[in-house]
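Here's a solo chain for you in structure tokens, the form predicted alone.
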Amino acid sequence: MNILLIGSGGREHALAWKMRQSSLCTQLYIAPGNAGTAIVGENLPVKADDLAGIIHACREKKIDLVVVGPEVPLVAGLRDHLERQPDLGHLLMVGPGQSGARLEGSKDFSKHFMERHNIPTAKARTFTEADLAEGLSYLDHCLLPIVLKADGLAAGKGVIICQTHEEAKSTLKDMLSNHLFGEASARVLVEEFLSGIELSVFVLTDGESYVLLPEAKDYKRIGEMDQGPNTGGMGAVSPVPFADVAFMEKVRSRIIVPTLKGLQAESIPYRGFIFFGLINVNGNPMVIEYNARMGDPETEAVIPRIKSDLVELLVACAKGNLKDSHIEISPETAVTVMMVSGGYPGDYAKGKLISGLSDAPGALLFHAGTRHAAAGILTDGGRVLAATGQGSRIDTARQAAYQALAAISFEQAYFRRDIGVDLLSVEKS
């Protein structure tokens, strides 16, 4: 079958790498892709948010299956647009429609959804600029630290943890009145802070049945020891040592199943990935957020651990036939480390020549922000490359990832050197 994968990051390179291995994959197209996806498929000059361009590509390339990587086209209603095309009725798609994508597209919607279906999550209230005064007064009664979340999509940067009431008030004003995150912060959630260790859990669902993918822990802060501002993600580890059988049964019974039943009860069709951003609070999982797609950089650690044919699973999902599907997972550990541009997540330069890509054996390299040029492969984003090492334990997988990164360089390259270190003691215990 001809497959169209939407997106251009490390997540998409990892998905493309795995999908290309399937005997079901005749031709793989990636829109728009990057220098890495061009190795395993054909990149198309169509942006991920160009819905009309994607529809045209589906016709021109005789696409059978569409798989959506990033959240923007999902929240914009790509599925709904495709389903309105009479000549594309045969098309299979992995990714929810606009109604299902609200789980990620609106923090306010997802918070109320969890409350309606008794899914454990932090308490929160939502404010707009019109009730800013009420919001500022409400902050006086909140325990520290205080979490402020932009309601809409903010490229993974719309969450701010405030350590003082003064900081919280100033930040709330910036988000609502000064449009710190644009339209994404037209509504802001004031949420209680939960203390614990975070992890990401993923399922592929057809709306009724699901398969559980490997879990992962990602690292959001730019600096080592989790210092500095949030980024789109600086690394990931899979599996997560504390996510044992007992913990994951709580995740299944208290979170995954109620979420799917909630979608059914509210007549929200859903065929695609659901990312559960969780936190382990004294042995009990609570939901921080939903995403309507796979995480990045977690995908670069999760996908290499899947031994099953990914395309078979994706087709079963798209057809609504996941009930009889099974997934085989490698017991090995995967550690992913992101190499980013200097200045990220703030201002950074593009167009830096990357050297050493062919001299980095022993790990998988997934491109994120890269592009081809006459001079070679150049940086083209904040997060540039992901190195995924694999091994029987976290320390051996870490060693493989960091050895690969040691061989690669570009001007002002940066990566955290402590990915997975916090889990070493948990793994040993």
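Residues carry their position along the shown sequence, with the first being 1. Being a predicted model, the structure only gives us computed values, none of them experimental.
Beyond what is shown, the protein has a form predicted in complex with a small molecule; the following relates to that form.
Interface residue among K220, K169, K352, R125, judged by heavy atoms within 4.5 Å of the small molecule in the predicted bound form: K220.
With the partner omitted here, the residue from D80, E198, D174, E208 that has a non-hydrogen atom within 4.5 angstroms of the small molecule in the predicted bound form is E198.
This chain is displayed without the small molecule, yet in the predicted bound form the stretch 143 to 151 from 339 to 347, 176 to 184, 143 to 151, 306 to 314 comes within 4.5 Å of it by heavy atoms. Within this chain, I288 lines the site of the small molecule in the predicted bound form, having a heavy atom no more than 4.5 Å away.
Although the partner is absent here, F109 is not a contact residue: none of its heavy atoms lies within 4.5 angstroms of the small molecule in the predicted bound form. Although the partner is absent here, F247 is not a contact residue: none of its heavy atoms lies within 4.5 angstroms of the small molecule in the predicted bound form.
Y138 falls outside the set of residues with a heavy atom inside 4.5 Å of the small molecule in the predicted bound form.
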